[in-house]
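First comes one chain, alone, set out as structure tokens in the form predicted alone.
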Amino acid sequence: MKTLTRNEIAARLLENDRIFVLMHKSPDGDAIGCAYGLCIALQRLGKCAMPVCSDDIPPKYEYITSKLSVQSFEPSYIVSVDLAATQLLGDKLEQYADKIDLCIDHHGSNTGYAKEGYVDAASGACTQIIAPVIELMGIKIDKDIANAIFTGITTDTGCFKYSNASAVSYRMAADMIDKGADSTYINRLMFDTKSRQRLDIERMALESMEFFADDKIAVVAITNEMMERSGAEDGDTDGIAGIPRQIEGVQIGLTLKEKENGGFKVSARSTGDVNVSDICAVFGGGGHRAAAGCFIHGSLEEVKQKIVNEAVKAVTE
């Protein structure tokens, strides 16, 4: 992958049209904020631009998604955002895996899959890269775009509690508030609002918790049967991955969420003492030192054994 500067990224976006912006499956606030914020900006320039994802966007992000005009077209330029590896695109987007023209990412584990790209692992959120690119294109960041950017920053930094929340994160978040971002509403929606279904699935996940390696590793599971029993949707599980890490003495928290295609999405979190990106890389995943993910085929017990074995190595070496 040829590395570009932010100015060159802006130039590429300005000179192209009919742009697809790809997100990873099970999109989070940062991926959604990047894709929609960028597409809103591109549409402001009169371009055809649409965010594309294998999975549905959770309804709670409607305050962002409703601000974008729906367009139908065949892409001539393909961009990926917040995507470390093409395996994370999901089945619906795998057709684009070897056709990505431009990658914008903040994962140190990025595999360099695109023709050109920009990866800044020091950015607490990928939206911290998108915002200046939008401004370099000569587009004024308004309330709609600011809401998307702020959402990416606050969700990827855990409402500014995680170690990746740098001074840049705070300054850019403040700038988005100055530009109209409704920070109070967004933070309440993302962190302090839970549906009854969310409470039920969280309770079931906590009841499944197991400890390993002298309580240094905590594992919770979310099965399809649990999802059906609670009535929860995918969006209701946001944030659960951070719960096991909150337990005193736990160095690695693992959340195993069953998917329809015969396996589990693994979300790994650490206090930063252990690099969970290295653990997930064993299974074709990746991410950041303190937050990473992967997908492992198999039954719950098979997947649990595989990921725990690697986690145990990490905390005992």
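Residue numbers here begin at 1 and follow the sequence given. Only the largest set of C-alpha atoms that superpose within 1.5 Å between the two forms is called the rigid core. Note that the structure is a prediction, hence the values are computed from the model and not measured.
Quick note: we don't show the form predicted in complex with a further copy of the same chain, though the next part is all about it.
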| query | finding |
| --- | --- |
| Answer option from A121, L136, I177, A213, heavy atom within 4.5 Å of a further copy of the same chain in the predicted complex | I177 |
| Answer option from K140, R229, R196, K92, heavy atom within 4.5 Å of a further copy of the same chain in the predicted complex | R196 |
| Contact at L4, E62 and Y113 by a further copy of the same chain in the predicted complex, all three, heavy atom at most 4.5 Å | no |
| D98: touches a further copy of the same chain in the predicted complex, heavy atom cutoff 4.5 angstroms | no |
| Partner contact for S163 in the predicted complex: a further copy of the same chain, 4.5 angstroms, heavy atom | yes |
| is_contact(I149, a further copy of the same chain) in the predicted complex, heavy atom dist at most 4.5 Å | no |
| is_contact(Q71, a further copy of the same chain) in the predicted complex, heavy atom dist at most 4.5 Å | no |
| Contact segment among 76-84, 201-209, 100-108, 113-121, judged by heavy atoms lying within 4.5 Å of a further copy of the same chain in the predicted complex | 201-209 |
| In the predicted complex, residues of 169-194 near a further copy of the same chain [heavy atom within 4.5 Å] | Y170, R171, A173, A174, D175, I177, D178, S183, T184, N187, R188, F191, D192, T193, K194 |
| Core-aligned C-alpha movement of R245 between this form and the one not shown reaching 2 Å | yes |
| Core superposition between this form and the one not shown, C-alpha change of D215 at least 2 Å | yes |
